[in-house]
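Listed next as structure tokens is one chain, alone, in the form predicted alone.
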């Protein structure tokens, strides 16, 4: 479990990026963290890993403050940042140097992961393209079998085939004891994987819900023409390629449940956050989860 308790953070003396921010991530979920550039997503990820120190508040991983940087805590966390570089050595040497920090690392799992991405076992990291480096690094990350895996824009730099492989690759790794947190702008690459959505915008936490709860209350559908705007159930409609993407209240439990459209959901949350809050918090009680 990851608990962010009353986090406040700013770079130098600038306006706080996070202020009294609260969020809890339970085991057994693949979380999607969505928001515009500058919303504090990457900062939040680094705070969760203990790489940044908050001005106030704390991040607890299984009850332990991550800023203590205890080996027993750090071995449970693996971060795949958006941008990184790898040393000019073989993958075999990289594993020999880094795998001892992760007691559950599995060479057999690494070989399976490489096979999923159609990569050979004998590779030199210094000779790979950026996309190939990202795949190699993710193969190592998953082979470490850490209970917490955090990935910042993992599909950037991957071609179409690799993105399909990534989704298959990640879905096979999930279990009830693991947290996988993905921060991304490429919502179509991951939306079918996610079972929990966290949306931030304008320094506010707009949504923090399971996908099953979202689809139990909202219906996502497409129409060729503009929908009936007089329908009180209609919450959102936007013209897209081939028609309109729409969201409506799912008031009748017998209504067919639809697939989640993350792009439309994100736009609805940004356009009308109070409406979304009322849908999921009809008593209007505040969850006190806010970006500063």
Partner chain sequence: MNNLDNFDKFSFSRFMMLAKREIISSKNIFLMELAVVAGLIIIAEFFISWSALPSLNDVKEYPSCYYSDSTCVSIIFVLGIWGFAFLANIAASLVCLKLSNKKGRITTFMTVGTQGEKYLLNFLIYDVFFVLYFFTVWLLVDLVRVIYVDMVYPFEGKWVLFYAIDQWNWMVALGTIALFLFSQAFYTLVSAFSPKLAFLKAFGLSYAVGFLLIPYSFFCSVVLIDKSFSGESNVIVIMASSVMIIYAIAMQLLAYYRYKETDII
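The structure displayed is predicted, hence computed values, not measured ones. Residue numbers count along the first chain shown, from 1.
The same protein has a further form, the form predicted in complex with the partner chain, not shown here; the description that follows concerns it.
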Quiz item: Out of 159-167, 82-90, 215-223, 188-196, where are the residues with a heavy atom within 4.5 Å of the partner chain in the predicted bound form?
Solution: 82-90
Quiz item: Would residue 249 count as touching the partner chain in the predicted bound form under a 4.5 Å heavy atom rule?
Solution: no
Quiz item: Does residue 123 make contact with the partner chain in the predicted bound form, using a 4.5 Å heavy atom cut-off?
Solution: no
Quiz item: Going by a heavy atom distance of 4.5 Å, is residue 131 a contact of the partner chain in the predicted bound form?
Solution: no
Quiz item: Applying a 4.5 Å heavy atom distance criterion, does residue 11 contact the partner chain in the predicted bound form?
Solution: yes
Quiz item: Has each of 46, 97 and 102 got a heavy atom lying within 4.5 angstroms of the partner chain in the predicted bound form?
Solution: yes
Quiz prompt | Partner-contacting position among 239, 69, 36, 233 - heavy atom within 4.5 Å of the partner chain in the predicted bound form | solution = 69
Quiz item: Which pick from 60, 52, 30, 260 sits with a heavy atom within 4.5 Å of the partner chain in the predicted bound form?
Solution: 52
